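Heads up, the chain below is alone and in the form predicted alone; it's given as C-alpha cells.
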Amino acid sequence: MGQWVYLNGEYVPQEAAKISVFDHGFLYGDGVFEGIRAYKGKVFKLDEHLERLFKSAKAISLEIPLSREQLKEKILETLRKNELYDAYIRLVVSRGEGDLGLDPAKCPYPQIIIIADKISIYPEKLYEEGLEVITVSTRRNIPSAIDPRIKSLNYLNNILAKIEASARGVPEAIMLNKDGYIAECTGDNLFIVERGVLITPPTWVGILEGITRNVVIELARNENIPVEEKVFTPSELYSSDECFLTGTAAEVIPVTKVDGRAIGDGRVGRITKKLIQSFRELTGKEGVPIYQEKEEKSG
C-alpha cells in the first residue's frame, strides 16, 4: 500500500492524489513549496520552514488558505497517518486550477498538498569520503528576475544545472551568479573553510537562504568557529582547505573534489566532520513531536 497524501482538506491514498491539468502549479510552476525533515518522531525546524513558506507565498502574491498553526497540524497528522518517525515532508501550495492563460486571478482556490515518505539522497559512504562535484555553465537566476530566495515550484534553472552534472557523471553541480561568484548548488547551499574560517556566499549573491545553512552557521558559532558571509570565486574554492554542502535532504555532506581538483588533502576535513556530528546530534533531540499525545500519556 502507498502513502496517504493530504490534498485540499482530505487524506487520500497516493494513487488517488491527483490535480487538474489546468492547475497553474502544473502549467507554469506557479506556487511555492518546502522540504521538511522528521527525525526520531520530531519534525526539525518546522516553524522556520513555515515562516519561509509564507514569505515565499507573499512574494508571489499567493494567499495560503490555512494558518501556520493549521498547516503545522496537517503536517503532523500526515506523518501520523503514515506512521512515520523519520521522514521527508514535501509541502506544496500551488496557485490552483485556472485556465490556460497566465492570469493568476483566474485561479480562485489555491491547492495545498502534503506528502510524507522516507528519503535517502546519498549513501553513508559519501558522508565519510566526500562528493565529487563540478561547476556548470548554467548561471543562477538573477534576483532582479526571479529572486532565488523564493522557494517556488519553478526549478528549471536548477534542473538545467543538474542535467549538466549528470552528463558528466557527478551527483551535484555548483552554480555561479552572473558575475562569476560561487552561488549555490542545484539543491544545496555551499560552504568552504579557509584557515579555520567558515565562509559561505551571502544571500544577495542570488541564493536560497537555506534552513540547514542557518543551522550550520549557528552551530559553528557555538563551537567558536569564525563564520563569514562573503563572495568568492571558483579559484578560491579550489584552494580552500575544506568544502561541504548543506540542505534539508542532504543535511551536511562533504565535498572532496571540485572540477577534478582535490579540496585540501582530498579527505574530509576536521571542521566539516565536527559540523556533521553537531548537526546530527541536534536533529536527534530538537523538533516538534509528531506523537505528542502518546508521549504525554506514556510519560
Ligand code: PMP
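Everything numeric here is computed off the predicted structure, so don't read it as measured data. A residue's number is simply how far along the shown sequence it sits, counting from 1.
This next part talks about the form predicted in complex with the named molecule, which is not shown.
Although the partner is absent from this view, I211 contacts the named molecule in the model of the complex, with a non-hydrogen atom inside 4.5 angstroms.
Taking the partner from elsewhere, R80 is found to have every heavy atom lying beyond 4.5 Å of the named molecule in the model of the complex. Under a 4.5 angstroms non-hydrogen atom cutoff, the named molecule in the model of the complex lacks T272 among its neighbouring residues. In the model of the complex, R52 approaches the named molecule with a heavy atom inside 4.5 Å. The partner is absent here; in the model of the complex, the one residue of P143, G98, G187, P171 having a heavy atom within 4.5 Å of the named molecule is G187. With the named molecule left out of view, the stretch that reaches within 4.5 Å of it through heavy atoms in the model of the complex is, among 162-170, 196-204, 110-118, 148-156, 148-156. Residues T246, G247, T248 are the ones in 246-273 with at least one heavy atom within 4.5 Å of the named molecule in the model of the complex, listed in sequence order.
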